[in-house]
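Coming up is one lone chain in structure tokens, specifically the form predicted on its own.
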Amino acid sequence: MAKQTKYIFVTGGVVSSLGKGISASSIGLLLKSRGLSVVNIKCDPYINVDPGTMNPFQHGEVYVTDDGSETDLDLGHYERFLNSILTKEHNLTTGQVYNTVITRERRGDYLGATVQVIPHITEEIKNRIKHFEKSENPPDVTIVEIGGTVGDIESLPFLEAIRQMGLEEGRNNVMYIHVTLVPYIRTAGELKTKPTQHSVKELRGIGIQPDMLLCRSAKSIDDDMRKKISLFCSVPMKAVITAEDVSTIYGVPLNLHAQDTDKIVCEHFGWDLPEPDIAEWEKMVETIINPQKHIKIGICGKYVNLKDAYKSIIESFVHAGVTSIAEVDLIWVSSEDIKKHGAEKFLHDVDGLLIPGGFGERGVEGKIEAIRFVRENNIPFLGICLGMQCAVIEYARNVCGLEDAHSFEFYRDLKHPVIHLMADQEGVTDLGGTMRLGAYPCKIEKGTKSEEAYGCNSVSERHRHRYELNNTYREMLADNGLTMAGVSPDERLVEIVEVKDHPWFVGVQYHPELKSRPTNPHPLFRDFVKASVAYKENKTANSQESEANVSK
């Protein structure tokens, strides 16, 4: 008899940004730690086919999977919490669904029928949700996060689809978890349950009765209030879970487990499973909460006012900090401010600098100036994608003497285009999904910082770019001390550059942050943080020695 996959649907109410993705990831972690096979899916109600062409200010980070899919940033949470590798099937959008249905209609697949939201759109949504159930090794449970907020017009087809699944799969095979808000009104000094009541009423009006409520709150919710929520929302009191603010998102699974959240899920599905093995996770969280060291890492970019644009980078520093038992204080610096006021004003006291990826010419000169400052002052540096390309431009200008060196991405009439368009990108006109995307292999040069970090000479990393180091300038750059520390197997593409005479200066064309995990930090982030800790310790020791000499 084929295994019956169970389904958990996570919805959100009242306001957005309540942490549905973290909640879905945390529940997945707890169930996986009990020995179950778990799949996470994100349903996004926007009409874009994927977020690849969306402005980071509107969407945040674009998360890229091994298979080259540009997806929602919540897939990053899923991969990090469950230590899994996801694909394009784990993220579906309204755009994808409608595109498929319209293509079928044009082909005549519906035999002249009137194509409607119900049943055609909802059937396509359900088919995509049940994709993994039909695989050779169906998961024990599929956790589906519905993007948006209950009450949004664009979310209705997804909510209708999961309502239908409750009927079709049987209520003992489906569980609805609603993430809602219990706000604290400071002037009244009270928590208020009315927004949650209205949110659940809206959900029930669609035909979905939640089995569990995750009540997001800045304050602890006492039993009397939980009882009130239970009564008005028709949810058992034990299933009204307090999702109180925590100091680190990695504490959420522990908070949920302490309230028997995973036990309640198991009871709902009739599972008799051992307690989750989360000792390593608990140790990791303890280290995050109680670090022994503190360092400052500057992040110089143009989206510094929107931290979600760098979500995976932020989390990678948390993971790397655990290895060094260090708290990494991220100093956000606008590259445009550096261009106006100089790098020293903003970077004089940092212990390391990271330049992240990005697109567009705005702010590039500020990034180049920031790189010059840390290179000349022996401050540890990590450049990612555009960050690596800026490092190559800076080196070509200030070490190789090519004053007008720049990237072909920004200026077409260049004497020294040290960064150039990849050959297979020539003539590409459609912007969506056409970059060099996904996992590609990389050969690492022996004796480099990168080899020391990885501990091997061959790795696979995820990419998202159109431009590369111009091979015409490889020899000149190498002769002047820039090491080509990593290349593609056919040696056509430079993947890693390093500065020889520098404590730790690494630029990579790929995105290492996409493969970092809480209990297994990415090697480059780990060693970058180690180098930054060493830099601070040396700086402190030199300062103390100078003070001692002065006092003599």
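Residues carry their position along the shown sequence, with the first being 1. Keep in mind that what you see is a predicted model, and the values were worked out from it rather than measured.
Just so you know, the form predicted in complex with glutamine exists too; it's not on screen, but the next bit is about it.
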Looking at the partner-bound form in the model of the complex, is E409 within 4.5 Å of glutamine by any heavy atom? yes
Though only this chain appears here, would H131 touch glutamine in the model of the complex if you measure heavy atom gaps against 4.5 Å? no
Any non-hydrogen atom of G76 within 4.5 angstroms of glutamine in the model of the complex: no
Is the gap between A405 and glutamine in the model of the complex 4.5 Å or less for some heavy atom pair? no
Segment assignment from 268-276, 175-183, 470-478, 457-465: heavy atom within 4.5 Å of glutamine in the model of the complex: 457-465
Name the residue from W281, Y98, Y440, F359 that puts a heavy atom within 4.5 Å of glutamine in the model of the complex. F359
Pick from L159, I444, L386, I297: which has a non-hydrogen atom within 4.5 Å of glutamine in the model of the complex? L386
